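Next up: a single chain in structure tokens, the form predicted on its own.
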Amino acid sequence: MAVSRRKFLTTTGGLALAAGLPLPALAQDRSIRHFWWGNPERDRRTFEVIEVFDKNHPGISVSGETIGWGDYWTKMATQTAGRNMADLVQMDYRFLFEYVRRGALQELDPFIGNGLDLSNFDKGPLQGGMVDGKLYALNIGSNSQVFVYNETIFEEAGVADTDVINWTWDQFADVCKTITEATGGKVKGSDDCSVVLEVCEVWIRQNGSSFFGPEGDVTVTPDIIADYWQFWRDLRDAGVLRSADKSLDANLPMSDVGIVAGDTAISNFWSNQIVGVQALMQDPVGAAMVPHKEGGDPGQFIKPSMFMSLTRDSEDPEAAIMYMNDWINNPEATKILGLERGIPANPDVRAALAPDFTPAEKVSVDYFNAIQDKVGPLPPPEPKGAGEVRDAFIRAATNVVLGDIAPQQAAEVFVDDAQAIIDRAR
């Protein structure tokens, strides 16, 4: 006779109590901890997923621990030193290699196909969690560079049929000129991306190079950066970019970026910002790839917005892996999580979420699906001092935009300065 687990526990528990005996030690004693950096919305969704997991796996209880980003890594370091890490932790790409080198994370490869189903996982996002060819972190949300454009202006200017997923830099320049002419100069074609290192990095990769090499040295040549700055200078001279006085801040609030302010038809963002951009605009937005170099290498990459990792302190890896697997494959859980942590790497999950997407969320996911086979490998984590290098890039580009120095000369000085910054930081 089949006996339900609830009935079994009720019966055996009742007998034990009646006899004054201890309750039997069963699987309900299993527990795991999940630690993440959060915000109110993320915490709400995560605790709901924990409730779903507890409901579906009554033998296991999950304890959620959350804290803001600012204190997260301090607490993580303390727990790591005390060998008291949660079973599962949220991990960031910039810290992944450090925690693997410290021996704080467990390799996930032994669990693939053995509790962890990655058979329908996109390969690009999976790669981002690998260190020395082994998987240590599971991508739970992805991102990529994007040029967001105003669909209404594209239609009115007659460039709506442009293939913005496969377009080249020359075609981008033509679109900028057409839009500027069609609007009588009221709306320029694009923001000036001279000071935007993230777009320059795509340009560098399209030219077969990388900004940083495997050892963290600056490997890009001055010629490549000079060409990038020259491209934007040519468009600036043609009058099809946002004015220079509004093009010197690479960290503008979203509300002040050209497309949102109504100054331009195209601005650069990360793909998880598409929804936020749309929320600030009346006209519908579309998503375009950063233009390609004709015959060049793929420049964009899929960037993990965050990971989940299994720690070395987990006493019940089997239960932890069950929980991790539910995060990426259980429809009930993935529906709760939605796109809050980025685009899910499982196409079935994206398809299941699709009926409830807002128009902007649909743009975001359609874009993510379209670029899958057009991106290159994820670059290695940035070396110490990379933030200071970015500041130096912005200063050098600013001087170019203001016409104080020629692109070639500025690029040569910048590359030398960048390597000096990295050397000092070591």
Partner chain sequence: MKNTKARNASGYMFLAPWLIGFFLLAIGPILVSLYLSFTRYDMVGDPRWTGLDNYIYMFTRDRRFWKTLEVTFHYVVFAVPLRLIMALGVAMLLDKGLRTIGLYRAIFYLPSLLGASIAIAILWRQLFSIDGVVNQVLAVFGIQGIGWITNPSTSIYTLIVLAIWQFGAPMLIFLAGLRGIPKDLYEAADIDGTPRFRKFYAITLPMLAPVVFFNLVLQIIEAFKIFSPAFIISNGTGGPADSLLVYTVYLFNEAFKFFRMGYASALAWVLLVIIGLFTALAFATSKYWVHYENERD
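Here, rigid core means the biggest group of C-alpha atoms that superpose within 1.5 Å across both forms. Numbering follows the first chain given and starts at 1. Just so you know, these numbers come straight off a predicted model, no measurement behind them.
Not on display, but discussed next: the form predicted in complex with the partner chain.
J.: Tell me which stretch of 120 to 128, 215 to 223, 71 to 79, 86 to 94 has a heavy atom within 4.5 angstroms of the partner chain in the predicted bound form.
T.: Careful reading of the contacts points to 71 to 79.
J.: Scan Glu41, Glu51, Asp391, Glu65 and let me know which has any heavy atom within 4.5 Å of the partner chain in the predicted bound form.
T.: The option sitting close enough to the partner is Asp391.
J.: Taking the partner chain in the predicted bound form as the reference, which of Gly387, Gly59, Pro359, Pro379 has a non-hydrogen atom within 4.5 Å?
T.: Exactly one residue meets the criterion: Gly387.
J.: Does any part of Glu151 reach within 4.5 Å of the partner chain in the predicted bound form? Heavy atoms only, please.
T.: Because no heavy atom of Glu151 falls inside 4.5 Å of the partner chain in the predicted bound form, the answer is no.
J.: Flag Arg102 as yes or no: does it have a non-hydrogen atom within 4.5 angstroms of any non-hydrogen atom of the partner chain in the predicted bound form?
T.: Because a heavy atom of Arg102 falls inside 4.5 Å of the partner chain in the predicted bound form, the answer is yes.
J.: Would Asp245 show up as a contact with the partner chain in the predicted bound form if we use heavy atoms at 4.5 Å?
T.: Heavy-atom contact with the partner chain at 4.5 Å: present for Asp245.
J.: Spell out, yes or no, whether the shortest heavy atom distance between Lys374 and the partner chain in the predicted bound form is within 4.5 Å.
T.: Taking the distances in the predicted bound form, the answer for Lys374 is no, it never comes within 4.5 Å of the partner chain.
J.: For the stretch 395 to 421, I need every residue with any heavy atom inside 4.5 Å of the partner chain in the predicted bound form, listed N to C.
T.: Result: Arg395, Thr398, Asn399, Leu402, Val413, Asp417.
J.: Superpose on the rigid core, then tell me if the C-alpha of Arg94 is displaced by 2 angstroms or more between the shown form and the other one.
T.: After core superposition, the C-alpha of Arg94 moves 2 Å or more between the shown form and the other one.
J.: Has the Cα of Arg312 moved 2 Å or more between the shown form and the other one, judged after a core fit?
T.: Comparing forms between the shown form and the other one, the Arg312 CA shifts at least 2 Å.
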